[in-house]
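This document starts with one chain, in the form predicted on its own, laid out as C-alpha cells.
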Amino acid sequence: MTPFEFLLPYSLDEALSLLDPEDPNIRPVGGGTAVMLMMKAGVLHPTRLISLQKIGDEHASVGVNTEGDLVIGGLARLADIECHAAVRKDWPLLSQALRGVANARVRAVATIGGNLRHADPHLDMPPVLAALSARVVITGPKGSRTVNAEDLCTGYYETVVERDELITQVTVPPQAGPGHYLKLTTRAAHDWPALGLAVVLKMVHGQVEKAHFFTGAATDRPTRLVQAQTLIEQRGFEPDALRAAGEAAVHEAPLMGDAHGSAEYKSQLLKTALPRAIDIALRRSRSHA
C-alpha cells in the first residue's frame, strides 16, 4: 500500500482547509466503508485521508426542527437514523429502506453524508431521499448551498459536490403520504440491488394528488419516472393504470445492464416492480389507518 497522510481535524473549517479542489487523491472520511473498499480494490490510492470524526457532535445529530422537518447531520450514522424514534414514526419509508442497507455492521459506521457523496448508483439512499423531496446542504470554503436530493447525483460515482466541499446536512420534509422502497437483488437481501424503486404517494380523500417515483441501480443516477407519475395521478390505481404505469416507466427510464442483470432483465423487473411497490405502499397505509 502506498503511504498516505491520515489527518484528524477538530472543526469543520479545519477539515475544509485540508481538502484540495485540484487533487482527487485527497479524500474526506466519515465512516470509511466506501473508501476502505476502494483502497482494497486498488481503485483509490490516496495521498491524504481526512477523518471527520472529531469535527463536532452537532454534525452527527438527528432531530426534528420547528417546521416539522427531519434534520440529519452529514455525519449521522445510518443505524442512528434508522433507529431514531421520530424517523420510525413519521418517516417510515426512510426507516424501512435503511433496514435493508448493507448489514448491521456497515450501518453502525457508515454516514449519510458519505453514502450520498459516494454516489454509487446501486445505493439505496439516493432514490429514497429523492422520492421524499429531501434537500442536501453542501458546505465549502465559500459557505453553504442547498440542492434537492434528486439533483445531487450527476452520473456514475459523480455528484455536484466539489472536491473541497462536504455534505453537512440532509433535511427531509414530512413524508407526504404512503411510500415503499422495493429493493430487488439477485443474491442476498442486503446485496447490491439489480433494481431499487422508491415510491411516495400524496393522498387527498383517498385519491392520489401527487406521485413521486424514483428508480436506482438500473440507471446511472436516481431517475424520476415522470410519465409513470403523471399516469397514476390522472388515472389512479385501477389495474389497467398500474400496468400502464409499469410500461411507461420502462419506456422512459435509461436502463443499463451490469453484473446484476442486463438492461432487458431490468426492464422486466421495473415493469412488474412499480405496480407492486404502489400496492405495498397503499396496503401498509390502510393497515395503519
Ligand SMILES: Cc1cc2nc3c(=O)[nH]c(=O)nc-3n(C[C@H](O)[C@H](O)[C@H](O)COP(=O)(O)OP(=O)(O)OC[C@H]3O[C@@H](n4cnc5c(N)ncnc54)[C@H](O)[C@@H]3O)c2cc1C
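The structure displayed is predicted, hence computed values, not measured ones. In case it trips you up, residue 1 is the first one in the sequence shown, and so on.
Here the subject shifts to the form predicted in complex with this ligand, a form of this protein not shown in this document.
Peer 1: Taking L70, C83 and F213 as the candidate spot, are all three within 4.5 angstroms of this ligand in the model of the complex by heavy atoms?
Peer 2: No, the candidate spot makes no contact with this ligand.
Peer 1: Taking the partner as it appears in the model of the complex, which of 171-179, 200-208, 100-108, 85-93 has residues with heavy atoms within 4.5 Å of this ligand?
Peer 2: So the stretch in question is 100-108.
Peer 1: With this ligand left out of view, choose which of L242, A253, V29, V62 has a non-hydrogen atom within 4.5 angstroms of it in the model of the complex.
Peer 2: Exactly one residue meets the criterion: V29.
Peer 1: So in the model of the complex, does L231 come within 4.5 Å of this ligand, heavy atom to heavy atom?
Peer 2: No, no contact at 4.5 Å.
Peer 1: Please run the contact check for A34 against this ligand in the model of the complex: heavy atoms, 4.5 angstroms, yes or no?
Peer 2: Looking in the model of the complex, residue contacts with this ligand include A34, since a heavy atom lies within 4.5 Å.
Peer 1: Does L123 reach this ligand in the model of the complex if we count a contact as any heavy atom within 4.5 Å?
Peer 2: Judged by the heavy-atom cut-off of 4.5 Å, L123 is in contact with this ligand in the model of the complex.
Peer 1: So, in the model of the complex, is E165 in contact with this ligand at a 4.5 angstroms heavy atom limit?
Peer 2: Taking the distances in the model of the complex, the answer for E165 is yes, it comes within 4.5 Å of this ligand.
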